[in-house]
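Heads up, the chain below is alone and in the form predicted on its own; it's given as structure tokens.
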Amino acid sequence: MNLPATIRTRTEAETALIEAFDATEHLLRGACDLRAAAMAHFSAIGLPNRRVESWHYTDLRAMLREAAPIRAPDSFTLARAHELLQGPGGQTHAIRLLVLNGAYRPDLSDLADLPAGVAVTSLSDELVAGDPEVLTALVGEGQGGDDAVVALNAALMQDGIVVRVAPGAEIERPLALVNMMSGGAPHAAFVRSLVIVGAGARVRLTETTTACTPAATQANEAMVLKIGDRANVDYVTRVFAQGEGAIAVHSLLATVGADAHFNAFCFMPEVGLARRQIFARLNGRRSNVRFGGLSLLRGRQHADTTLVVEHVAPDCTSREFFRHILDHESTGVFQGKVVVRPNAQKTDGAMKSQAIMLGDDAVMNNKPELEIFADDVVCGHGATVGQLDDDQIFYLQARGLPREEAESLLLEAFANEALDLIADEKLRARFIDDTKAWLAQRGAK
């Protein structure tokens, strides 16, 4: 196969990933044609590098030196996962649906608590069954089709969760999808989940990516969301507890119907290298979407948020609001693009990224963009990067607060403005506590 000019020779990691597919193709269940086409696409372009515009600030080809193997959980890993889930940190008011090391685990999920109007199945079972609705939905209407990581996920997807919310259903308790990695050695997981929300339904979703191991894990996860007309969906993602050298890439492919409301938030308090990429399409009139996020970074941690919001239908509204707090040597990335198609008249869009730098050696890369092909729209974007205000610190110190406490108070207020976007009060309170704990660790250095 001829390689493009940007990929003259394959890296060791690229070769290992392609060989892993060739070696395990017979073990990967269902969607053979989809998998083969995705791997052919990945083989042709390789891992994304700085020459790929959307990956310019996160050169995955250089950062991923070795591809970790896929490992099924052993008995010790299962016992450890069960212990963690039964502990205080694993007890929540949500209905837990667990994927462990890339495999859906009904035995560790709260299936007995599923309410009427919600159906949950394994992705691998759905692929074997060949349900046309699932196979069509999994490609996300072509969103992210050129992205190498999305293609790699499609080729190697081990398992995931398929959730169907019936039209008109109102689900009181949140549904919590947990992607957990555990074990004593470096390993990789490729997870793709699908949530189909029927017309007029109302549901709250959370998705957590966590590694309960100090090993350098590699997670490639994708969530496909199909939101029906008049549906209302609140969706919160959390990426945390990543070990040193860990890599986590999470892709969201969302399509939103007419008169629907979609509120999405991502919290990244402790990561190794994390990238959250969003491909959203507003397909129906008068849909309303909001994307927000907060990243708390220290050391050599690297967090990248890249999103493309595509307005296809008229009279739609989109808002994007992201904040970063960057301690010494950490790196933040925000790349946001809002695309307004010719038929999407009366679009109302606004995008903002704000970052506070806590050291001269921290790095923040901002790249907001608008592509507008309609003439009756209201769209704007902005990005700010700065340090804590010395006058505000002096004001608080003059009233008896130590400098460290004054800084923490200002940073907490800055973070809470982003966390206020979370609709779930219990979850918002939990993230506020996590932010305070992160700031306390900073002050203890």
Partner chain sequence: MLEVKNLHVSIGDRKILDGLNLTVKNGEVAAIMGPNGTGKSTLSYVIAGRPDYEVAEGEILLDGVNLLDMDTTERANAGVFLAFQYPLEIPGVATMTFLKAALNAQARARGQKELQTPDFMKKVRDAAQKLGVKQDMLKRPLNVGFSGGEKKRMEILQMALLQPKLGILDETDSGLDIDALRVVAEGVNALRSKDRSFLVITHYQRLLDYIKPDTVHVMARGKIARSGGPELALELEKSGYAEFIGEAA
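What you are looking at is a predicted structure, and each value in this text was computed from that prediction instead of being measured. Numbering follows the first chain given and starts at 1.
Below, we turn to the form predicted together with its partner chain, even though it does not appear here.
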Would you check, heavy atoms only and a 4.5 Å threshold, whether Gly400 touches its partner chain in the predicted complex?
-> yes
is_contact(Ala383, its partner chain) in the predicted complex, heavy atom dist at most 4.5 Å = no
May I ask you to check whether Gln387 falls inside a 4.5 Å heavy atom distance of its partner chain in the predicted complex?
-> no
In the predicted complex, does Ala413 have a heavy atom within 4.5 Å of its partner chain?
-> yes
Heavy atom within 4.5 Å of its partner chain in the predicted complex: which of Leu396, Ala62, Ala44, Ala36 fits that? Just give me the one.
-> Leu396
Each of Val308, Asn343 and Glu371 near its partner chain in the predicted complex, meaning some heavy atom within 4.5 Å?
-> no
Spot the stretch among 374 to 382, 413 to 421, 49 to 57, 26 to 34 with residues whose non-hydrogen atoms come within 4.5 Å of its partner chain in the predicted complex.
-> 413 to 421
